[in-house]
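The data below hold one chain only, encoded as structure tokens and taken in the form predicted alone.
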Amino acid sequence: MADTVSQSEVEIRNANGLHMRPAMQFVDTASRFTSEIKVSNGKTEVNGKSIMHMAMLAAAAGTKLTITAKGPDSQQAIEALKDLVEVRLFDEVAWQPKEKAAE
């Protein structure tokens, strides 16, 4: 059976971006799945199961990342990672764009 590939674009919405603690949460979540997880910021693609690689993305608040999972549980991996990034916000405070923060 061929590996399934799933992909999703997410936006970093927590105020402090993808610093070490959220990067570790991402790696911990990605590592629960057997699928290969790749993350790209449009310039660099890294292994989503490596804390050093995720730190290389330097993803500030507002950065859009593309997550690609390849494997038997790829859809579940994408759903869990998207929830972590965009719904739970790495359990941090939400980022407010400057035009909204001024209101």
Partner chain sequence: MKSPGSRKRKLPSEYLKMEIKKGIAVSPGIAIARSLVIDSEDYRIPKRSVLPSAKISEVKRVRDAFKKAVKELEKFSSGEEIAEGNIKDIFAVHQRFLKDKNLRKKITDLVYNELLTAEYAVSITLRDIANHFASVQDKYISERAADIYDIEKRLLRHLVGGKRDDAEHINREVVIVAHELSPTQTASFDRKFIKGLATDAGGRTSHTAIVARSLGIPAVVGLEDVTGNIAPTATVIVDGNRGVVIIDPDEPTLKEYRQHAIEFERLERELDTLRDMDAVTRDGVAIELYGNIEFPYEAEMVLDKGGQGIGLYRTEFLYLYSQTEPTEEDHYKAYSEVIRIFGNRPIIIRTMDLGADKFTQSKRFTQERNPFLGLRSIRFCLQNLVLFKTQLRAILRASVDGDVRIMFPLISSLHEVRQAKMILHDVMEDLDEDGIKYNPNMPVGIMIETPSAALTASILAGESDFFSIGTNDLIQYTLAVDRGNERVSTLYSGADPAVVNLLRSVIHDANKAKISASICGEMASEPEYIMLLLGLGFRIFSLAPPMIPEIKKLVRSVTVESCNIIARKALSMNSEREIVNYIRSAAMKVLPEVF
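Residue numbers count along the first chain shown, from 1. In this text the structure is predicted, and so the values were computed from the model without any measurement.
In what follows, reference is made to the form predicted together with its partner chain, a form of this protein that is not presented.
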Does residue 18 reach its partner chain in the predicted complex if we count a contact as any heavy atom within 4.5 Å? yes
Do residue 70 and its partner chain share at least one heavy atom pair within 4.5 Å in the predicted complex? no
4.5 angstroms heavy atom contact with its partner chain in the predicted complex for residue 93: no
Indicate whether its partner chain has at least one heavy atom within 4.5 Å of a heavy atom of residue 30 in the predicted complex. no
When its partner chain is considered in the predicted complex, the residues of 31-58 having a heavy atom within 4.5 Å of it are 47, 50, 51, 52, 53, 55, 56, 58
